[in-house]
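Here's a solo chain for you in structure tokens, the form predicted alone.
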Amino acid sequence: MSASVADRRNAIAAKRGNSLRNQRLWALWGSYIALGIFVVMFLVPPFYTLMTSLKSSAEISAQVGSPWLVRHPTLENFWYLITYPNFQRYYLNSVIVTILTVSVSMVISVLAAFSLSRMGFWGSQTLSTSVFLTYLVPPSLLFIPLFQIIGQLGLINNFWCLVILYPTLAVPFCTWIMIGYFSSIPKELDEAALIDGAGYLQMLWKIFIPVAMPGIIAATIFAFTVSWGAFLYPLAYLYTSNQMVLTVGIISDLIRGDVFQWGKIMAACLLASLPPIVIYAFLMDYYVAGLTAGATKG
């Protein structure tokens, strides 16, 4: 009797084991299928951009064969842009605006996040929430008032206006990330530093910034992304070629009326996307870690 009961239990356990293995197998296949769809959806546009950038204008106009394949590859589109003075100016303007925007945004964000998360003054929690809520305001709603402010400052059609405008987009989110990271640091470090006679700026520089470096890197990458890829504000505030940045310079120079220079446009898009690709490739782990801490703390 005991043997039959044991056999029955073993059969039930084996059935459960097979069921769990089948569930895991289906879950694994489902994950691969979802990942495959995701990869196809997001890699097809860059692949098409690359293929088009390697075609000559004659091949693009002829529309012979598959648009996904290149019959006669050429680098003339890239060489044209690299040697084109206007494109060089766009790139330089974008670099200047991005460096200044990231620097200003990070200084403000780090100081604001440290004050809101560690100094504990009255209303700091409410102010912390308000800082993040400002990030949720669509930039298009701020378009007209900001245009009037920039006009009064005399910075219309001057890329320096972007150094003022972009931090309004980057600082709220960067501050929120840094608040989450600073809040995760044990308060005992504050107390020990204060007992040793350290001031708040010394605490920030010697304790919090080294410990919260992944969060700072994540916020820096976000500020870089905002300033490098923004399109609405440069389109509205910049009119002449010597002041334009990449995002608007590409369409203003390479689209003339109803004539689209698709090969050069695609090549310009690839050249413009190189800095973000390089930065994300090397710093993606820090970016994910910073966003995770900012989302779960504070």
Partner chain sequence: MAEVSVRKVVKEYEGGVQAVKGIDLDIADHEFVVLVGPSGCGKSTTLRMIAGLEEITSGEIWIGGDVVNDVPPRDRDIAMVFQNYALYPHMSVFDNMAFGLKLRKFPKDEIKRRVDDAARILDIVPLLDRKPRALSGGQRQRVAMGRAIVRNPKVFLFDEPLSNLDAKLRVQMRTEIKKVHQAIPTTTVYVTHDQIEAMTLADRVVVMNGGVIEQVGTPQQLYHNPATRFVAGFIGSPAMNFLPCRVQDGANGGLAVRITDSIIVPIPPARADRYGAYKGKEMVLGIRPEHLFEHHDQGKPGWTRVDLPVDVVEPMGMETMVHFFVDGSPVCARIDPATHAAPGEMLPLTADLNQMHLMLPDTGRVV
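Computed from a prediction, not measured in an experiment: that's the story for all the values here. Residue numbers count along the first chain shown, from 1.
Not pictured, yet referred to below: the form predicted in complex with its partner chain.
Asks: Name the single residue among Q202, Q88, Q152, Q125 that comes within 4.5 Å of its partner chain in the predicted bound form, judging by heavy atoms.
Replies: Only one listed residue qualifies here, and that residue is Q202.
Asks: Which of these residues, I195, L92, L75, L133, gets a heavy atom within 4.5 Å of its partner chain in the predicted bound form?
Replies: Checked against the cut-off, the match is I195.
Asks: Which among 125 to 133, 92 to 100, 176 to 184, 209 to 217 is in contact with its partner chain in the predicted bound form, heavy atoms within 4.5 angstroms?
Replies: In the other structure, the partner sits against 209 to 217.
Asks: So, I156 and its partner chain: in the predicted bound form, are they within 4.5 Å at any heavy atom pair?
Replies: Answer no; every heavy atom of I156 is more than 4.5 Å from its partner chain in the predicted bound form.
Asks: Taking heavy atoms and a 4.5 Å cut-off, does L189 contact its partner chain in the predicted bound form?
Replies: Answer yes; at least one heavy atom of L189 falls within 4.5 Å of its partner chain in the predicted bound form.
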